[in-house]
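In the block that follows, a single chain appears as structure tokens, in the form predicted alone.
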């Protein structure tokens, strides 16, 4: 294990899921009611990717982590005040909308261009991390498009673990149906990894890491270039939040076959 990685994490921000979200239709298309007033957090899937990237960088000396994020500068600054205390990274900020109603291709184009501007970027050492899913609309396409735009075609989605070997190749566990994993071996960087939840818990806040990160985060926010990202040409016929549904009953000593039969009948009705 001798070659250090340049790990670029693509992570967006989303409204705090503890808030009440109400879709509305405005002159510019669908959005959330009082969206700019809602507190924001780092997308949870992107958070997993960031923590896994930091863990990998720690295990491979000389590696470096970049967080490339697209969002309104004021919102990014608010979120980075918290995220910066978790792990060490260098922020590359892009000033633009973070709405879940933006076009995945336009968002990917803005992020890919931002990645290209990273000084000294070496494609032979490049790993692009991001969330397999998203707490916003979750098109599931942005990360793949970024990889294609940068010419990185070794892509893995639903990743739960990466293990780097002595010869710089790595083994990847991807989620498949039935709670199983597909095991793949990649010869080495570059590669795109869309993370599921990984194996790492959220790191505890470290004020010293936070202070070190903020020295570079504030200049990065000041230099953030505006990106034209929207949903031009897209038409949403209907927008609504998923309906909450909970039907629970407690039954003791019920056989597994009966439980399975009842669940299958319930699925058939719905």
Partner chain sequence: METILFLAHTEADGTLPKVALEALGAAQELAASIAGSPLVVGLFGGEVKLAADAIAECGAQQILAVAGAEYAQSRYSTDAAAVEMLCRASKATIVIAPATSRCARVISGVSHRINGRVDTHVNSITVTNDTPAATRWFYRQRMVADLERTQRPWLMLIDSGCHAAYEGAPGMANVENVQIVLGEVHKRTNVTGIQAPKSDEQTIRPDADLLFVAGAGWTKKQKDGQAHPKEAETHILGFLKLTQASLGSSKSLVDLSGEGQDVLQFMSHLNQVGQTGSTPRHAKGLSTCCHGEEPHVVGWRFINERRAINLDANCGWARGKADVVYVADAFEVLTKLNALLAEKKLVTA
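Numbering follows the first chain given and starts at 1. Note that the rigid core is defined as the largest set of C-alphas that superpose within 1.5 Å between two forms. All values reported here derive from a predicted model rather than from experimental measurement.
What comes next is about the form predicted together with its partner chain, which is not displayed.
Participant: Just one stretch in 114-122, 73-81, 184-192, 88-96 has heavy atoms within 4.5 Å of its partner chain in the predicted complex, so which one is it?
Facilitator: Contact-bearing stretch, as computed: 184-192.
Participant: Consider the chain as shown here, without its partner, and state which of 29, 203, 44, 210 has a heavy atom within 4.5 Å of its partner chain in the predicted complex.
Facilitator: Selected option: 44.
Participant: Taking its partner chain as it sits in the predicted complex, is residue 177 near enough to touch it, meaning that at least one heavy atom pair lies within 4.5 angstroms?
Facilitator: The answer is yes: residue 177 has a heavy atom within 4.5 Å of its partner chain.
Participant: Decide whether residue 164 counts as a contact residue for its partner chain in the predicted complex under a heavy atom distance cut-off of 4.5 Å.
Facilitator: Residue 164: no, not in contact with its partner chain in the predicted complex.
Participant: Please determine whether residue 37 contacts its partner chain in the predicted complex, using a 4.5 Å cut-off between heavy atoms.
Facilitator: Contact with its partner chain, no.
Participant: Hey, in the predicted complex, is residue 221 touching its partner chain, heavy atoms inside 4.5 Å?
Facilitator: Result no; residue 221 lies far from its partner chain in the predicted complex.
Participant: Along 150-165, which positions have a non-hydrogen atom within 4.5 Å of its partner chain in the predicted complex?
Facilitator: Counting only heavy atoms within 4.5 Å of its partner chain in the predicted complex, the contacting residues of 150-165 are 153, 154, 155, 156, 157, 160, 161.
Participant: Note yes or no: does the Cα of residue 16 move by 2 Å or more between this form and the one not shown after the core is superposed?
Facilitator: Shift of 2 Å or more: no.
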